[in-house]
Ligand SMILES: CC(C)(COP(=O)(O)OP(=O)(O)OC[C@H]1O[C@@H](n2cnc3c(N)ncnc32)[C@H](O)[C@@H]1OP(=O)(O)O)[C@@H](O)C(=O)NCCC(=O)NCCS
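To begin, one chain is listed below as structure tokens, in the form predicted alone.
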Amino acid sequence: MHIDFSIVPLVERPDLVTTVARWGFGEWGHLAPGTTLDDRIARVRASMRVDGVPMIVVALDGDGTPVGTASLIDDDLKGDARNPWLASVYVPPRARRGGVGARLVRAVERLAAGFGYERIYLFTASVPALYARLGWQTLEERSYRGEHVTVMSRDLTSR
């Protein structure tokens, strides 16, 4: 399935804050016990910028309906000194398999490079093969908050 879409900073679509927060809370809320949807909404609001980290982007179909999101953040694995991180890449089931996730990843990579970073990191519990296809390298596998995750990185200097 092919979807025509554009990617914009969330700050251009403040009406989508709750949607983005719900997606993230529904998908990864279990990794932050004690965190509420309101906490997630506040964190999303704090990422509404275009001039640095943290920053969130959203993918919009031709009608302006959100079909995905991704974030560039400073710290995604508590206690890990590496940064920045590609995080919260989410595409709702109805929009999957249309290239949205890959383009969101590329958009965040470009943002990180534009902010002067030479390397970017991520961790995933579910789709390391997707990121490997996009040129990400596995650094380690570990347990994080009860889940087996793959930590990966991407060199931004050779893009």
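All figures in this text were calculated on a predicted structure; none of them were measured in a lab. Residue indices: 1-based, along the sequence shown.
Below: the form predicted together with the named molecule, not depicted.
Okay, which stretch from 90 to 98, 33 to 41, 112 to 120, 48 to 56 lines the named molecule in the predicted complex, with non-hydrogen atoms inside 4.5 Å?
Only one stretch passes the 4.5 Å heavy-atom test: 90 to 98.
Determine whether any heavy atom of residue 61 comes within 4.5 Å of a heavy atom of the named molecule in the predicted complex, and answer yes or no.
No, residue 61 stays farther than 4.5 Å from the named molecule in the predicted complex.
Counting only non-hydrogen atoms and a 4.5 Å cut-off, give the residues of 114 to 144 close to the named molecule in the predicted complex.
Stretch hits, in order: 123, 124, 126, 127, 130, 131, 133.
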